[in-house]
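Quick heads-up: it's one chain on its own, the form predicted alone, in structure tokens.
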């Protein structure tokens, strides 16, 4: 077996993006936003320099490159990342680096492995002397040895030696680390996410971030009926979500007085069943006021059609009617397992799974209405001083900046 040739660690990451390439005249704005988000994400990992050139971003780091690469897997807009080695854009110079990169990749293979292998070039500089296919063959012929523990396979390779040829510098790599995709956070404006300690709402917020929204958060806390454990849990959930966007702001709105008032206003058995819907309508009103103060353009909730009694089409219509902004429901067609899988992926599931009473469990009706009617909601609410209740919630809301 051939001896593996030591090679210096790489110092640059090739960053690929997907949807940004389709943005036409707005592409520059999206690329600049992605570059800003990369710098912000890496600020607590290592100093980086970010450059762009013809459809690709390059992240340079003199230290902790692997840690930087892992951090970039939590930056929306990135489709994949490759640690890469630089070589002058000349065939023999590329071959010299490529052999070392191949040795590095083979050294990382399990003992006894013989991975299917190919060379795959991308010639960005069309003035380069060889076409992409010619360079593939040239490199393979010059670096492969008869005793290399691999087998050439063009159709379904397990190990791909990638080469990207640019005007003066070419980049050689053997790994593609998947990114989260989506659009850079902040390119679609700000939204306000209604978040609880459950599984669904953090996932909904994450999905809004993935579509380019910068998320602020509001949670509702019914102190003294509910302990501060519920509030602390939401703060930690927002802290986890903050890995995926440059900054996060959480509003904790006191909700006990509003719930007590709603409970008192629903005076008979049939009206009692409307409590949960009425609580959520009040949340929409409070969230709308906070959102407008934050210059947010929409509300985001974790509601899923048919998942619980309050999420029938009729009840969702009643709840959404109380908002003064559009209500986005990213999970509307998810089943529970899809949401759980997403929560596990983004790192919120373990926290959400901890059972903690919250305001949603306070003063619950014995039997919740499943096909609520808007006129009944408004009839009950006519007994309340809604402006005063909303103003009180907003005025006493606690603002927490979460790092």
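Quick caveat, the model's predicted, so the values are computed rather than measured. Residue numbers count along the first chain shown, from 1.
What comes next is about the form predicted in complex with a small molecule, which is not displayed.
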Picking from 156-164, 306-314, 105-113, 180-188, which part of the chain touches the small molecule in the model of the complex when contact means heavy atoms within 4.5 Å?
306-314
Given that the small molecule is left out here, which of 121, 196, 248, 89 has a heavy atom within 4.5 Å of it in the model of the complex?
196
Option touching the small molecule, based on a heavy atom within 4.5 Å in the model of the complex, out of 322, 139, 218, 291
218
Residue 275 versus the small molecule, in the model of the complex: is there a non-hydrogen atom within 4.5 Å?
no
I'd like to know whether residue 281 contacts the small molecule in the model of the complex, with contact meaning heavy atoms within 4.5 angstroms.
no
Answer yes if any heavy atom of residue 170 is within 4.5 Å of a heavy atom of the small molecule in the model of the complex; otherwise answer no.
no
Partner contact for residue 330 in the model of the complex: the small molecule, 4.5 angstroms, heavy atom:
no
